[in-house]
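Here you get one chain, nothing else, as structure tokens; it is the form predicted on its own.
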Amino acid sequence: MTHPDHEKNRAAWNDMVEVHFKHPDYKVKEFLDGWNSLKSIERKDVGDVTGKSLLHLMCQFGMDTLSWARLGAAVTGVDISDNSITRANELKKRAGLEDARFIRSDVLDLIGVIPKKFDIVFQSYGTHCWIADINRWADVIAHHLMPGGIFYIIDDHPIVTIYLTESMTYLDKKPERYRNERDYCDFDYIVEKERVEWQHPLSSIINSLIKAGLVIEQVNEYDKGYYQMEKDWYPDGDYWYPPGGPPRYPLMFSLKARKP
């Protein structure tokens, strides 16, 4: 069943993806020249994907999905945005990765859309805040994993919310609704359409996966970010730090779980 607030986000992302696809920070040109967009942490934690099937949830325009394909995985990417999937299919053709598959679907509605199981379900960076029902999300993941398969997520640490906004608490149950705010990538672009985000503390994410029948294998936290959150942040390898270096609180987390 389509979630009405997810549909609001779908409309906003249909606009945002066009900005992101053309923005130099996303490095589409470098990707087409052979650059791999995956960062060092997820590549190490997920490991060798040669010959494995991989489902990428909330893949935007598929550059990370296709990067897994370049490493040998048989990939399927899913995103709620129509324009994201259009761009993903364009990118796979331009990159010569025609075997990759992209599907437009709300992650909460995915059961029944893809009639197969996967060795790996992957999700990353700036995604868990867009999920209205974290328990349904976990059920979708468990459903699409074959026995012995792994789920891996790396994303913003939920505690970052209390440092970015005064309107939400770490344990907030109410969604945050906002419009006419700048894009996280292009600081000069204002996203006019309403967006809706949800706060999921780490305990909720972990417990939802346990409830869905998965076994948690590792949880890690990091004092570095995956993108330039403000203009004065500086890069170090794949990651970003605020002025003064690592903060007193974590900026990212990762989690790996396995289906028995």
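Nothing here was measured: the structure is a model prediction, and the numbers come from that model. Counting begins at 1, following the sequence as shown.
Only in words, not in the display: the form predicted together with a small molecule, which the text now covers.
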Quick one: from 165, 89, 135, 105, grab the residue that has a heavy atom within 4.5 Å of the small molecule in the model of the complex. 105
Partner-contacting position among 142, 153, 80, 95 - heavy atom within 4.5 Å of the small molecule in the model of the complex: 80
Wondering, does residue 6 line up within 4.5 Å of the small molecule in the model of the complex on heavy atoms? yes
Exercise: residue 209 in contact with the small molecule in the model of the complex, heavy atom 4.5 Å: no
Non-hydrogen atom contact residue 130 with the small molecule in the model of the complex at 4.5 angstroms: yes
Do residue 55 and the small molecule come within 4.5 Å of each other in the model of the complex, heavy atoms counted? no
Which of 143 to 151, 68 to 76, 120 to 128, 165 to 173 lies within 4.5 Å of the small molecule in the model of the complex, heavy atoms considered? The stretch 120 to 128
